[in-house]
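In the block that follows, a single chain appears as structure tokens, in the form predicted alone.
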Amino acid sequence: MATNRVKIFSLFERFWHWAQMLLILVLLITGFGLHGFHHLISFRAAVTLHTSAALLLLLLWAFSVFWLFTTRTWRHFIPTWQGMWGVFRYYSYGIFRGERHPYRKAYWRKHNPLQALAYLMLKIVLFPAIWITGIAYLFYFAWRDLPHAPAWLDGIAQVHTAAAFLILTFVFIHVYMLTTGHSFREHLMPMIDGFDEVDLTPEEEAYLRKDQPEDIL
């Protein structure tokens, strides 16, 4: 295999990434404001911003799910146990000894096994937990007359808050990872111009240079 700079993140993926980041940031700030952790904005403004950002994020997620399945990009988020231990060992031990990252990006697999597992859990566990509980809370008026509704609402609120803290933890880890290995700029640039260093087979390189020359440098 030869290493080439290849466009592995499409324009939609980059838009999705940055829009999602901005909306999650707004949701975290306003959500913690609603819980009284800060008083940067009024309660009424926090409710309005939180609800608006949540609805926009749901719309973005709907488009992203459609895009993932129509382009078959969902395959990049399926984890594999092959190489999992090596990547886990690197991040827990090897990185502090200056060892080389054991995983090399391939054209057909953009994420290392640990990344794929983390992103998959985010998409099928944390995100559904946050939006299901959020919608249930938002439409409480529609089911508040049901038996034990206040108790159910309290449980829903706790799950929603717990999921928010876990997402915040993911954000901190994600940002921390940008400071490891390569420079911060090298980690960040693929989500700006879409290009990253990828191992290509001779067949993949020939295909790209012939049919998608704009996607390989």
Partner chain sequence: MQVLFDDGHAWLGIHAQILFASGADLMHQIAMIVCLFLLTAGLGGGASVPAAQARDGWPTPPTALDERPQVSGPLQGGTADHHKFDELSGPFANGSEVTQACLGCHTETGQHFMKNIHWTWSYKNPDTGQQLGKRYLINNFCTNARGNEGMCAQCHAGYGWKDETFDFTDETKIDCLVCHETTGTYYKTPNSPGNAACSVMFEGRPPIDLVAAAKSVQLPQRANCGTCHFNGGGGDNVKHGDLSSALKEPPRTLDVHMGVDGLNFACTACHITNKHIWAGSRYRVISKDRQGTGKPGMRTDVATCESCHGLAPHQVDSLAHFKLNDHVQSLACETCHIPEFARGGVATIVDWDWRTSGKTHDGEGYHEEGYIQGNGEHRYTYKSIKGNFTYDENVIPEYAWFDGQMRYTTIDTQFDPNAEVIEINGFSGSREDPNSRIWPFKRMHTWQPYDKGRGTLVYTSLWGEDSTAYWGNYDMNAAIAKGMADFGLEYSGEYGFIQTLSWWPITHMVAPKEDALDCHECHQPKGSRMASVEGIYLPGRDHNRWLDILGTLLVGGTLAGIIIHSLIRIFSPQGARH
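Numbering follows the first chain given and starts at 1. Worth saying up front: this structure is predicted, and the values here are computed from it rather than measured.
Below: the form predicted in complex with the partner chain, not depicted.
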| property | result |
| --- | --- |
| Answer range among 112-120, 127-135, 79-87, 95-103 for contact with the partner chain, defined in the model of the complex as heavy atoms within 4.5 Å | 95-103 |
| 37, 91 and 168 each touching the partner chain in the model of the complex (heavy atom, 4.5 Å) | yes |
| Interface membership of residue 179, the partner chain in the model of the complex, 4.5 Å heavy atom rule | yes |
| Exercise: residue 74 in contact with the partner chain in the model of the complex, heavy atom 4.5 Å | no |
| Distance check, residue 66 to the partner chain in the model of the complex, heavy atom within 4.5 Å | no |
| Residue 140, heavy atom within 4.5 angstroms of the partner chain in the model of the complex | yes |
| Contact set, 33-72 vs the partner chain in the model of the complex - heavy atom within 4.5 angstroms | 34, 35, 36, 37, 43, 44, 48, 51, 52 |
